[in-house]
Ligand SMILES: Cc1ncc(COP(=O)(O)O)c(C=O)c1O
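In C-alpha cells, the next block holds one chain alone, the form predicted on its own.
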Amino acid sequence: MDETPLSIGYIRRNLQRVRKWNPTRMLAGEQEGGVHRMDLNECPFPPSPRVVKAIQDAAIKVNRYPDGVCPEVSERLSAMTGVPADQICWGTGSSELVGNIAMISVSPGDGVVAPGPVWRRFANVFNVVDARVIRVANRADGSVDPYGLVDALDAGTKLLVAVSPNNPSGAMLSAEEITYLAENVPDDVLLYLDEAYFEFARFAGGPDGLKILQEKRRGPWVVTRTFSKAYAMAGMRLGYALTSSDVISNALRAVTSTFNVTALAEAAALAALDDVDYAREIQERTAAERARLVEGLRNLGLEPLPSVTNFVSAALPVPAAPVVEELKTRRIRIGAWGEEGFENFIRISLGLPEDTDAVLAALRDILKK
C-alpha cells in the first residue's frame, strides 16, 4: 500500500519524501574501466606511493579499533595550523562534518543563512535538522556573496555557512571578504567556512581562511577541510573540522559515530602530509589541465565560470540534463547543477588529458545537434 505523508507516523514529516540519491552509482561495466569519470571532483591521479605503503603497513592492525580522535595526525595538523589538537575533529569526509555541524547548532525552526547554488549536500542537511533556511544568491562569477550573507542574518539565525572555493562554481573569496565575515557575523552565530578545496585555492594564490578567522574573529567558528581532493584520497573518506573552542569540538564528538575514522585513513593522512613534493605535483598538473579545459570550452563558444579548483562549470545554450545523459551513453560522466534557474549549467571535474579530449569532442558533437 502506498503510504501518504499523513499516514507515516514513524518518520519525521520533513524526511517523509526525501528522494533517493546515489551520486556514485556506477555505469554498467564502469569498474572494469573505459569510463571518463568527470562528475565527482575526484583526483584522477593515484595517491602518493607513500600513502599506498602506509595503508599496506597499517592493514595488519585492522583487527584493533583505532584511537577515536586520530591523535597523531591531529598533532601534525595542530603544528601546521596553530589550532589545538583537541579542537580538531574528524569525519568520514567533509560530508559527515557538514551534517554534524548543523546538528550541534540548529534546532527545528532555527535559522540558517547559506549561499546558493551550493553543494547539494547542504540542502539535504538543512532538511534533516528542519532548519529555516535563508538562501543568498551567489554573485555572477559563482562566488559566495559575503555581504549578502551578513545582511540576511536575523534574530533567529544560529548558523551562517560560507564556502570558499564554492562548489559547484569553483570561485573563491578574497582575504578582505573572509575578514568581513569574521568581523561582522554576530558572536552568537556559528560561522562555518567550508574549505574542501583549500589546497587548490592556496596554489592559485588565494587566502588562508582559517588564519583569517583565527586573527579576526571573536565569536565561534569552524572550518572544514578534507583529504579527498588535493591529496587524492576520496576513497579513504577523511575530512576534518578545525574549531575555535573545545565547546564546539566536544559537541561535534558527541554527535559523531564512535571510531568513524579508520586506522587505514589516519595512516594514509600522515603519509600524504609527509609527501610534499607529490602534493605539489598534483597541484601543478591540475592547474595545467584546468587551463586546457577552460580553453576548450571557450573554443566551443561557452564561457566557463572562474575556477581555482579541480572542476570547471559553464552554462550550455540548452538544458544540461539531456546533455549529461547523452554523455553517459558515450561513457563520459559529468554533472548538471540541477538547481532552479541554473538548469543549463554543467560541472566538469578535471581528469587526465585523454578525459579532457573526450569530453570536449563529445560536447562539440552533441551541441551541433
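Just so it is clear, the structure is predicted and the values come from calculations on it, not from any experiment. Numbering starts at 1 and follows the sequence shown.
The same protein has a further form, the form predicted in complex with this ligand, not shown here; the description that follows concerns it.
Answer yes if any heavy atom of residue 117 is within 4.5 Å of a heavy atom of this ligand in the predicted complex; otherwise answer no. Result no; residue 117 lies far from this ligand in the predicted complex.
Within 4.5 Å, heavy atoms only: does residue 143 come near this ligand in the predicted complex? The answer is no: residue 143 has no heavy atom within 4.5 Å of this ligand.
Taking the shortest heavy atom distance, is residue 113 within 4.5 Å of this ligand in the predicted complex? No, no contact at 4.5 Å.
Should residue 237 be counted as a contact of this ligand in the predicted complex, where contact means heavy atoms within 4.5 Å? Taking the distances in the predicted complex, the answer for residue 237 is yes, it comes within 4.5 Å of this ligand.
Work out which of 95, 105, 74, 243 lies within 4.5 Å of this ligand in the predicted complex, going by heavy atoms. Result of the distance check: 95.
Using heavy atoms only and a 4.5 Å cut-off, determine which of 87, 138, 286, 226 is in contact with this ligand in the predicted complex. Checked against the cut-off, the match is 226.
This ligand isn't shown here, but in the predicted complex, which of 262 to 270, 193 to 201, 173 to 181, 288 to 296 has heavy atoms within 4.5 Å of it? This holds for exactly one stretch, 193 to 201.
Which residues within 139 to 166 place at least one heavy atom within 4.5 Å of this ligand in the predicted complex? Residue within 4.5 Å: 163 only.
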